[in-house]
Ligand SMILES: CC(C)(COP(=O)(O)OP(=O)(O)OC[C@H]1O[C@@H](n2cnc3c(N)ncnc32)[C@H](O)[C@@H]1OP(=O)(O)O)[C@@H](O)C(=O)NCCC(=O)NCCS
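Single chain ahead, written as structure tokens, the form predicted alone.
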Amino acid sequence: MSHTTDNLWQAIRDEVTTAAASEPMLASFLHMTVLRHKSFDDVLAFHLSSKLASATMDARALMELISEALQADPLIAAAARADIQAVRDRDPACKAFSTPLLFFKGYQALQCYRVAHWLWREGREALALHLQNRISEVFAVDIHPAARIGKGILLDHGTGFVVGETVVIDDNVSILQEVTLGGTGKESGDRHPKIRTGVLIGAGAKILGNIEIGTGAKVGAGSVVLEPVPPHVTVVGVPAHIVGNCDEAQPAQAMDHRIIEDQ
């Protein structure tokens, strides 16, 4: 997509240009990270590689790797764009499209996972696992590269988010910090949760086992979910139980974490 017709990219450039003029201490960072680049994809590759760089893998090699992934699979950048829109729409702390790209580690970790997932699908499993390890070190987010995660995802804060190998997260899901999507023991095969469209998962929730969280469901903060959750209900507690129906068709969009029990 040409940057001349790319509204998201133009909005990010405009925001960053204003920020660089108003905050001289950030001007060099903003020019290096955004303004000297020609496209959203270039910024994504540069910024993520600078985050992941280490003594054993330099930023340039990582930037080339991420650029390779973005060129090979356009759906990666499409998902990254949808995730920015999700954060902008749902997070009241986000006032600009450039904010998650530059400053929100939940967003950044998710895009790094997308590159690791591409590597996993390409059969480059050792490098995918290396990136998983580095993402965990840098962002405190641990997503197995084989997990399948859709687009339009809000990973708010991100700290402590753990995702097992056979997890599936559909499009347009919102997840708070300290959430675990894990297994229940040492079983093999398909053993992790399936999170359907529009689900909202509150902070600290633990969802364990090969269970489905139905479309438009809400999982209350701190809940431990061990059984399947039907669509459009609210579950809370340890272990989680149904307390009522969701008022919203898509709790992930509304981001209302209040628990209102049916009388």
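Each residue number is its position in the shown sequence, starting from 1. Predicted model only: the values in this text are computed from it and were never measured.
The following text describes the form predicted together with this ligand, which does not appear among the structures shown.
- Checked against this ligand in the predicted bound form, the candidates 188, 184, 71, 133 yield a single residue with a heavy atom inside 4.5 Å, and that residue is 184.
- Residues placing heavy atoms within 4.5 Å of this ligand in the predicted bound form fall in a single listed stretch, namely 176-184, out of 125-133, 176-184, 111-119, 77-85.
- With a 4.5 Å cutoff on heavy atoms, residue 162 counts as touching this ligand in the predicted bound form.
- When contacts are judged by a 4.5 Å heavy atom cut-off, residue 238 counts as touching this ligand in the predicted bound form.
- Taking the partner from elsewhere, residue 27 is found to have every heavy atom lying beyond 4.5 Å of this ligand in the predicted bound form.
- Although the partner is absent from this view, residue 233 stays clear of this ligand in the predicted bound form, with no non-hydrogen atom inside 4.5 angstroms.
- Interface residues of 206-243, taken as those with a heavy atom within 4.5 Å of this ligand in the predicted bound form (partner not displayed): 208, 224, 226, 238, 239, in sequence order.
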